[in-house]
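First, one chain by itself in structure tokens, the form predicted alone.
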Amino acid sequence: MSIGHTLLGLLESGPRHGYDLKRAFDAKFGHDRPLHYGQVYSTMSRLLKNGLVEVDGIEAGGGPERKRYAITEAGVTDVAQWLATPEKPEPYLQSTLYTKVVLALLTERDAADVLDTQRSEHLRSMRVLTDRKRKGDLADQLICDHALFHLEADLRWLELTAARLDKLREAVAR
């Protein structure tokens, strides 16, 4: 996820302080990984330097000055270009799970146990996500669906690998 583009997009509705940007980000996108304040301010500093935001106002208070940021026309253009650019599909050709299965075979451990343990963990995660999806709003349901579809694909791979384990053992031994 591009934090900079996400913050720019949030600024399109109007100027905001860094604190407000963090709260908006966390409410919409940070359920599982909230944004750190330092990341907000370092990102805003970079966006300011690149001319994508400007300081719309400064308020003095009991602590440090509070800057209110506004998106510039260049920032609006940048967000539009980012939204129009498709994300590169990630083929997952470097999988830790695949590595574990092959290493288990190379070291004469039980690769089926590795697959079974992982299958159990995937099913547990799927139960948690399904429960969260059931209780969540539409946005939460959609992000849970995204995660569930990926986990389902992993489960299919686990089953396929388990079915081909003898052939894989032979291939790895060569």
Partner chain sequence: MTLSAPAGSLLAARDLEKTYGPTKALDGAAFSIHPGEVVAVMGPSGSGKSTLLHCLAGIVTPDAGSITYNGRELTTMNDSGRSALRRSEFGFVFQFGQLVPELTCVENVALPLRLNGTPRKEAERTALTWMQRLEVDDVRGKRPGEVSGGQGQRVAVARALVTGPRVVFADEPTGALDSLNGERVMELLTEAARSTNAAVVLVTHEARVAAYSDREVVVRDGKARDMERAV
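The structure displayed is predicted, hence computed values, not measured ones. Positions refer to the first chain, counted from 1.
One more form of this protein exists, namely the form predicted together with its partner chain; it is left out here, but the text below deals with it.
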Taking 70, 76 and 88 as the candidate spot, are all three within 4.5 angstroms of its partner chain in the predicted complex by heavy atoms? no
Among 128-136, 101-109, 34-42, 51-59, mark the stretch whose residues have heavy atoms within 4.5 Å of its partner chain in the predicted complex. 128-136
Its partner chain contact in the predicted complex: residue 123, any heavy atom under 4.5 Å: yes
Interface membership of residue 116, its partner chain in the predicted complex, 4.5 Å heavy atom rule: yes
Applying a 4.5 Å heavy atom distance criterion, does residue 152 contact its partner chain in the predicted complex? yes
Although its partner chain is absent from this view, report whether residue 145 comes within 4.5 Å of it in the predicted complex, heavy atoms only. yes
Quick one: with a 3 Å or larger change, is the residue 145 to residue 11 CA distance smaller or larger in the predicted complex? Answer closer or farther. farther
